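For reference, the chain that follows is the form predicted on its own, supplied as structure tokens.
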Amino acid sequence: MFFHIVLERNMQLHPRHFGRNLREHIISKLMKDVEGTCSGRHGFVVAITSVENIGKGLIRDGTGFVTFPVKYQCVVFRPFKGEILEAVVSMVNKMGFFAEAGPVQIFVSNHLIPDDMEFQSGDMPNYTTSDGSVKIQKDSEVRLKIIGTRVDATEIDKNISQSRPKWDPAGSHPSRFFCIGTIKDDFLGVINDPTTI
């Protein structure tokens, strides 16, 4: 689910950026450091929508860097238990399948797949109904229900941006939010099969 929230962060800036464009440098660094990161409490920061306030800077002893308290509004994505999501299947094996909904990786166990679907190995592993009418394979779009979430335990200090990986929507991303899902419920399952296109 998406939320529009207000967050605060202390931004450190090198003295070379001081001058007429100080505000632009702070906002640029904020967007670079925060967008695409994950916090266990708030979820994935999708985008910063506005900067409400930039406080007075505090010079750090011995370094010359200045710390500015920044208050900003942003859109975050955080999945919840019981939420229905549409996701794209990324991998299928005999244990179940993995799907991705934006930056969130979801695992659906074979025990949470309807009983009439059987695993088929081969060049393109998949789960198929006995009559062959429905098939779950890589790149299939599925509607599923989240039954459990977990945040990676390394996500403790939200002020250390260098240690946090960024979500890259175009490529691989080290996901910090993991979910367990099910398609064993009404109105859940395949919504688009890539073989029928």
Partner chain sequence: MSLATDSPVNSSSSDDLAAFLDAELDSNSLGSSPEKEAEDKDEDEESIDEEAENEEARDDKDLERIKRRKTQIVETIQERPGPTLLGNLEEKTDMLYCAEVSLEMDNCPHPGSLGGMCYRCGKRLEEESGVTFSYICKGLRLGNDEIDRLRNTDMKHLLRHRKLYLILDLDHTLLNSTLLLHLTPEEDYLKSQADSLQDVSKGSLFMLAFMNMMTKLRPFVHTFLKEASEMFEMYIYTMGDRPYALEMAKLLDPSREYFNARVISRDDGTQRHQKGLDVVLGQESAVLILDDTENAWTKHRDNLILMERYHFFASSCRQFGYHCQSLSQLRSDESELEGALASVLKVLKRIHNIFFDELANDLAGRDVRQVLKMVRGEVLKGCKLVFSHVFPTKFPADTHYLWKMAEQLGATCSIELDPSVTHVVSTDARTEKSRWAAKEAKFLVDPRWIETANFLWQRQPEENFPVQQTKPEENFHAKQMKDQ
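Positions refer to the first chain, counted from 1. No experiment lies behind these values; they were computed from the predicted model shown.
The protein also exists as the form predicted together with its partner chain; that form is not presented, and the subsequent description refers to it.
Student: Though only this chain appears here, would V151 touch its partner chain in the model of the complex if you measure heavy atom gaps against 4.5 Å?
Tutor: Yes, V151 sits close enough to its partner chain in the model of the complex that at least one of its heavy atoms falls within 4.5 Å.
Student: How about R16 - does it come within 4.5 Å of its partner chain in the model of the complex, if we only consider non-hydrogen atoms?
Tutor: R16 lies outside the contact set for its partner chain.
Student: Contact between H42 and its partner chain in the model of the complex at 4.5 Å, heavy atoms?
Tutor: Within the cut-off, so yes.
Student: Tell me, yes or no, whether I146 is in contact with its partner chain in the model of the complex, where a contact means a heavy atom of each within 4.5 Å.
Tutor: Yes - in the model of the complex, heavy atoms of I146 and its partner chain come within 4.5 Å of each other.
Student: Along 63 to 102, which positions have a non-hydrogen atom within 4.5 Å of its partner chain in the model of the complex?
Tutor: In sequence order, F68, Q73, V75, R78, F80, K81, G82, M91, N93, K94, M95, F98 come within 4.5 Å of the partner.
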